[in-house]
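In structure tokens, the next block holds one chain alone, the form predicted alone.
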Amino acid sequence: MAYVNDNYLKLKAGYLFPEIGRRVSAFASANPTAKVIRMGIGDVTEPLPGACIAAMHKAVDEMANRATFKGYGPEQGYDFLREAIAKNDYQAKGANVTADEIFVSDGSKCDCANVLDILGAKNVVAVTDPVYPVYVDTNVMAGHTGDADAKGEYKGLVYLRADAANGFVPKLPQDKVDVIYLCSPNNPTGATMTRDQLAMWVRYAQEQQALILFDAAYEAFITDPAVPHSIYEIPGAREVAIEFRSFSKTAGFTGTRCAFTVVPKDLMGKTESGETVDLYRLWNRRHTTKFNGVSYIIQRGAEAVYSAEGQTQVKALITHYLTNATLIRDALTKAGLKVFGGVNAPYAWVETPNKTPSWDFFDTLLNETHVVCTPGAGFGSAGEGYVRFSAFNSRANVDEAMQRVTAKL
């Protein structure tokens, strides 16, 4: 009989979103005529931009011709896409990132987990609370934590509380940490970091020789010029940060899968013996060993995001979802709830009425209004007493859902 990875046995309950799916499925089975409006999982609903569809159709036709057929591509991504990313997402914003520092992948969620392959088990890891569950669960799976306590917090992790008092942007750790997960615009709270706030974290990482894992999957939703789109807009960040990006929410690629990770060549780590090693070399080896690359067809679709037509269409998509977020925020605020986020982000973070436990409020909304949200407790102990509403939906569904929920309140 094969031995198992005992670390998986430390995980608490099921992963948040499958548990939501289980409860919704059970409700739908028991109430087959109920129209359920899902505002929980952050999956997009609108069609892909026309420019991306046209580019993928063209790429499919290329695959039908021996002269233009593509087999295995470069694991790191085709140059045409990496160069478009570097030029438009970084260099145009004054961030010094080169095409060969960009690694195309099938999802930023995947890479937030995969990066642990190149990081040692002795690191002291800090996460915000509330937190995107993947950051915590994958460290548990990798053996970087102890067991969970009664609050669901794992021994060995440093939890940085983010709450209304600090605008859901946590203070710096009091003790030294080696790895820090930051997410801006934040999932789940919708909070964003200003340039000064992000610079504070970069300075801390420089002083402590720490590594920042910066999740910027929602950067396309930033409209405030005071909020950086990339951590590399901050001087010194190349020496302390890895950045994760995604086409999933930017251009609706949740079902077609394309993302990228930036690992600067300036970024260093150390071995247990104290030897300095560049993380770029380690990530390149990991990526090319364990990943065969995103398909040529999908990468051509992603490249089209940067065309003039693609940019116009993506902007329209983002505006659609941000308008949904405004409608959610305004409706729930008018109904008397405290609402955070929903401005530079597609999520509204909502305090439950009368401090109702978040799973109880989730069940109430599901059973009485047939609207699905996400319980804040699933994002950590500091998320208790909140729920998250996603703006990824049609306008008609958002309007109807808000009518149902506010009528209940």
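This structure is a prediction, so every number in the text was calculated from the model and none was measured. All residue numbers refer to positions in the sequence shown, first residue = 1.
Form predicted together with D-malate (MLT): not shown, discussed below.
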item: Among the candidates 286, 238, 229, 109, the residue which, in the predicted complex, approaches D-malate (MLT) to within 4.5 Å (heavy atoms); value: 109
item: Residue (of 300, 329, 245, 249) lying close to D-malate (MLT) in the predicted complex, criterion heavy atoms within 4.5 Å; value: 249
item: Partner-facing stretch of 41 to 49, 26 to 34, 352 to 360, 64 to 72, counted where any non-hydrogen atom is within 4.5 angstroms of D-malate (MLT) in the predicted complex; value: 41 to 49
item: Touches D-malate (MLT) in the predicted complex: residue 187 (any heavy atom, 4.5 Å); value: yes
item: Touches D-malate (MLT) in the predicted complex: residue 218 (any heavy atom, 4.5 Å); value: yes
item: Interface membership of residue 201, D-malate (MLT) in the predicted complex, 4.5 Å heavy atom rule; value: no
item: Residue 132, heavy atom within 4.5 angstroms of D-malate (MLT) in the predicted complex; value: yes
item: Heavy atom distance at most 4.5 Å to D-malate (MLT) in the predicted complex, all of 17, 347 and 388; value: yes
